[in-house]
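First, one chain by itself: the form predicted alone, in structure tokens.
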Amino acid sequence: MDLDDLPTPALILDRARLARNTQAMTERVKALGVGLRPHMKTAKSADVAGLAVDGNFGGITVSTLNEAEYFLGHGITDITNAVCIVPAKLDQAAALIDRGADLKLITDNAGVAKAIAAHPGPRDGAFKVLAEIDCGEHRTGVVPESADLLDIAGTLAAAAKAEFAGVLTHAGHSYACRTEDDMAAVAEEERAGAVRAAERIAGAGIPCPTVSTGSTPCVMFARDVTGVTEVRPGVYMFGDLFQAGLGTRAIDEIAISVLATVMAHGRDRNQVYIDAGGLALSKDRATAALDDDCGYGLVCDAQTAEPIPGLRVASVHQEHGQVTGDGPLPFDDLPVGSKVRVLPNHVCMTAAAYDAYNVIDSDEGGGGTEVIATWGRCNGW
């Protein structure tokens, strides 16, 4: 099947770009001298995971227990669920461990730590739990100096069916940076906070084997990872327009696009309408914060994925995408019924609208427009 044969909107994954992106991150992390635990919350695909862990299934990060169950079913056992666990989900987590998952949980709450310690736990083994550290994003996590940190570690270390596994942090505020120096500064803030927390715990006589950090910008621009044991970047696999704006990926390295069909012209308004709207592209406007605002996505040639100069999706309704340009639109080159591809603003949100990837390979002959595979993904919670 060729791209022209696909019903639209459709999610397109370029395997060649994906492979280059994953290999580049593998080499970067090897050079840093830490472990790579890729975050699969964007891709949610076992096929993508196979590339992200350098061809051999190994440790990954997820954001839901549904993802953990999916990847366990595809042979990946070493899993960190990097969202704070709640007591109501402990039975589900224990069941996954009983099925063979080496599952790590996180918490930032001393009460939850007590609930974990009081739980009967998995039949064999114990809950492995990391304390989440707030290194500056101010989302979830305890600050390194918090008394709760030692309460969490002490409670878990003393539990019969739990063990304290280390600390984990995420510098999501790196996304507010606009220069490499600023991202490097946040990466150092992230590293220093996590290491400081680990040193406090170790000073209290509690082993702290794991010190886990890493957003894609921080991993790309970190200058020192002393004391860190692993990093958890994720969006680097696909890239998107916001990441291109930050400089972690280039436009021609973005591996995901949405195939859409031109369905109407508004010549008097200098507008073209495509059948990819808010549900197909997402309504995330992250690039609005950058100097180069890409709207809801850049409009590209359907065959090559090269951006058509000046064209962007400026507005979306549920099923309509409104395309505008910096000058008169090329209506004759975009007749009703023709196809385009749209590079996403925020790939995590865009990919979540689809159940599968239509895989192409731009390094293969014929321009890379043949759909060579369909890769499934898991959605939901």
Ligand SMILES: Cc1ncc(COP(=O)(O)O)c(C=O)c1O
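Since the model is a prediction, treat every value here as computed from it, not as a measurement. In this text, residue numbers run from 1 along the sequence as written.
Omitted here: the form predicted together with the ligand. The next part is about that form.
- Residue contact check for G214: one or more of its heavy atoms lie within 4.5 Å of the ligand in the predicted complex.
- Under a 4.5 angstroms non-hydrogen atom cutoff, the ligand in the predicted complex has R232 among its neighbouring residues.
- The ligand in the predicted complex is approached by A82, whose closest heavy atom lies within 4.5 angstroms of it.
- Proximity of K41 to the ligand in the predicted complex: non-hydrogen atoms within 4.5 Å are present.
- This chain is drawn without the ligand; in the predicted complex, the residue among H170, R249, K104, R191 with a heavy atom within 4.5 Å of it is H170.
- Proximity to the ligand in the predicted complex, defined as a heavy atom within 4.5 Å, holds among R99, R178, R139, R269 only for R139.
- Annotated contact segment (heavy atom within 4.5 Å of the ligand in the predicted complex): 234-242, selected among 276-284, 148-156, 254-262, 234-242.
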